[in-house]
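Take a look at this one chain, the form predicted on its own, written out in structure tokens.
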């Protein structure tokens, strides 16, 4: 029986590369996007799901669809995220609120009901960033993005404590990846989405300790 992985934000970038990787590794993949349409996955083991993490009623509709069609999830990868204030210095209320709506509020309230579908030895992986680390913060940019990833890391720690001995939970830094989250990443990123997905897959399948904050780019543990 194939393991089922649910990947949010699977229409492009790291999420799409992860979906492709997991399909190649013989997983059944549920991939989400804001409009529910994902090109390039003509595969019987791929299910496209509409999910807008900024809209709580849309999250509820996604839950209904998931529970109607699936009896279990083995791995939940919370990959979807936004960074409208990346490379800016003064927080703006509208983009600040939207960042937290997606990266924190939406992610938390999408995850919570799905926990009952994740059996023992299941995994919840939160795609975070080393920009959310309190210990290594030396810059003053990207206020909302950094704070949202710090909050997501705290959620990882809370879930690790709550789900001890049942579900493994971790935060992961995917590396500096050539994605469209910000234009400069396409030029300056060190990794392709496929390289990042390969590193994340290696972490997922190598018996990590629950509660880990992992730098998948260099294979080391990050300070919180």
Ligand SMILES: NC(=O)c1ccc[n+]([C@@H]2O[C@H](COP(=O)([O-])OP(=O)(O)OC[C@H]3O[C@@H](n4cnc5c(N)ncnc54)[C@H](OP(=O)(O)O)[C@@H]3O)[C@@H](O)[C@H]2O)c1
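As the structure is a prediction and not an experimental result, all values here were calculated from the model. Numbering follows the first chain given and starts at 1.
We do not show the form predicted in complex with the named molecule, though everything after this point is about it.
TODO: Consider residue 63 of the chain shown here, and say whether it contacts the named molecule in the predicted bound form, taking contact as heavy atoms within 4.5 Å.
DONE: So residue 63 does not count as contacting the named molecule.
Task: residue 54: touches the named molecule in the predicted bound form, heavy atom cutoff 4.5 angstroms - done: Heavy-atom contact with the named molecule at 4.5 Å: present for residue 54.
Open item on the list: Contact with the named molecule in the predicted bound form for residue 166, defined as at least one heavy atom pair within 4.5 Å: yes or no?
Closed with: So residue 166 does not count as contacting the named molecule.
Open item on the list: I'd like to check something about residue 151: if you look in the predicted bound form, is any of its heavy atoms closer than or equal to 4.5 Å to a heavy atom of the named molecule?
Closed with: No, residue 151 stays farther than 4.5 Å from the named molecule in the predicted bound form.
Open item on the list: Given the stretches 27 to 35, 154 to 162, 40 to 48, 65 to 73, which is the single one in contact with the named molecule in the predicted bound form, using a heavy atom cutoff of 4.5 Å?
Closed with: One stretch meets the cut-off, namely 27 to 35.
TODO: Report yes if all three of 111, 170 and 201 come within 4.5 Å of the named molecule in the predicted bound form by some heavy atom, otherwise no.
DONE: Checked in the predicted bound form: no contact with the named molecule for any of the three.
- [ ] Within 4.5 Å of the named molecule in the predicted bound form, which residues of 99 to 121 have a heavy atom? Give them in sequence order, or say none.
- [x] Contacting residue: only 102.
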